[in-house]
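Below sits a lone chain in structure tokens, taken as the form predicted on its own.
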Amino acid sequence: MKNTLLDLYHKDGTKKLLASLISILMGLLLGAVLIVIVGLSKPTIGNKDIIKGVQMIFAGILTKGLTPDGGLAWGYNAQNLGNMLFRATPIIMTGLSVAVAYKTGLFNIGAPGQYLMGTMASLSIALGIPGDSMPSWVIWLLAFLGGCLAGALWGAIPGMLKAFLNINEVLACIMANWIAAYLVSWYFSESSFRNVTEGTKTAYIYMTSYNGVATSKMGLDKLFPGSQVNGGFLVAVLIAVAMYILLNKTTLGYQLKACGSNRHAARYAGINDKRNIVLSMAIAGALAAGGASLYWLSGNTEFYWNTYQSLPGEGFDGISVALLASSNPIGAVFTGVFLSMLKVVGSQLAGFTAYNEYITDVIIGCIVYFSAFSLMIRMLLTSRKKKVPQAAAADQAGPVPAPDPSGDPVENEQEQEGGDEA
């Protein structure tokens, strides 16, 4: 049993997991220190709020409310947990988008733009097809696939610029993000999908439930009553598993990772590096856009079409998810849920204490910052592993025999030269 645990510890995947967990723990501890400093520096925040703030950083998802004496009531909160899974769905998908591109040696910072293109396509299809013309699930499927296709095409553009013109994908993605933002704003400003029936919501698009299209709950509403959760979370998990199989169990995945490791060596081995770079960015774009489709097709979300002022945060959250998961598709599910938990905790923090909910965004930033040290942590864990076998090998080999002082130095030297020549 001991040897089995040691073998598991020595695996590279275990090192990555431990490094990510240590990074998260360090970020949470720094967040707790930040909560205390902010609380002590502001007279409007009392000692009780400081204690509650620190408690919520570590276990706020289990907060049910306040007790009569002003403390926190703990227990199973189905609504919080369901909302956590609902909000995790799009950032899991954008995290997969960044992770898949990174495996091919590309940094997909264009996830926000791809997310917007998926939003535009999926909402247009879902609201543009009459609800009585075909079953609602068919419209939902067409809208989801259409959103993924739009994101794939938008992601392929920086991929082609990188593959054929050697233009840095980061610059191409940044430009594509803002082009998508202005394009989506112009499109919806001229469309008939704006919610004009409610005077205060003229800058919002109709929810897809307006057309009878909504993501199936798949029984999750019974597990998490009162929350926004739906089957989109399960779809995201299945896609993450599919991406893991694609990258690790298929020839295409091997070619994508080979191009990421060394593009020129992959080309020498007969792999079409240009095709794989474009394909990688197209897959990444489809994943980011799929996250937008799953979010906006839920039937209970309204899209604010005036997007030229800012880019969707889900695209940038995907970078954090991929970093913490070490670009592992399965790990992206857990890190996406974790970051979503912090966002839910942030909204509760503002409701139960005098803190601002955006302080959790600072904590997320600290965690991402510490994730940059994950490589150093893995190196420390690996160096410790190497020291133990070397010491054990030295003990087994025994002492090195000393040279015979009585021997002829000339003869010994000749024997050594003969051995060298041999």
Partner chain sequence: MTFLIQETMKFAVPLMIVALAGVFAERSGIINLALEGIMIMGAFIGALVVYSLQELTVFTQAAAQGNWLTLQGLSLLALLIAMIGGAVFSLLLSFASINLKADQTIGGTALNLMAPALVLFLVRMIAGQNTLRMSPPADAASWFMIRKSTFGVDKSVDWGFFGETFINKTYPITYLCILVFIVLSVLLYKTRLGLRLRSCGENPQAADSLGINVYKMRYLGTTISGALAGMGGFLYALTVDGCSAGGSVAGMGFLALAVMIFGNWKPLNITLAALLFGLFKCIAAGYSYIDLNGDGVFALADLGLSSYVYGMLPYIVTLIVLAFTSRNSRAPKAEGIPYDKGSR
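Numbering follows the first chain given and starts at 1. Please read all numbers here as calculations on a predicted model, not as lab measurements.
Absent from the display: the form predicted in complex with its partner chain. The rest refers to it.
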Triplet Gly70, Phe334 and Phe338 all within 4.5 Å of its partner chain in the predicted complex via a heavy atom
no
Only one of 122 to 130, 224 to 232, 88 to 96, 348 to 356 gets a heavy atom within 4.5 Å of its partner chain in the predicted complex; which is it?
348 to 356
Check whether Asn77 has any heavy atom within 4.5 Å of a heavy atom of its partner chain in the predicted complex, and answer yes or no.
no
Find out whether any non-hydrogen atom of Val196 is located within 4.5 angstroms of its partner chain in the predicted complex, and reply yes or no.
no
Taking its partner chain as it sits in the predicted complex, is Tyr369 near enough to touch it, meaning that at least one heavy atom pair lies within 4.5 angstroms?
yes
Should Trp305 be classed as touching its partner chain in the predicted complex when contacts are defined as heavy atoms within 4.5 Å?
yes
Of Ser298, Ser326, Asn211, Ser320, which one comes within 4.5 Å of its partner chain in the predicted complex, counting heavy atoms only?
Ser320
Answer with one of Leu279, Ala172, Leu149, Val237: the residue that has a non-hydrogen atom within 4.5 Å of its partner chain in the predicted complex.
Ala172
Considering only 159 to 188, what residues come within 4.5 Å of its partner chain in the predicted complex, judged by heavy atoms?
Leu161, Phe164, Leu165, Asn166, Ile167, Val170, Leu171, Ala172, Ile174, Met175, Trp178, Ile179, Tyr182, Leu183, Ser185, Trp186
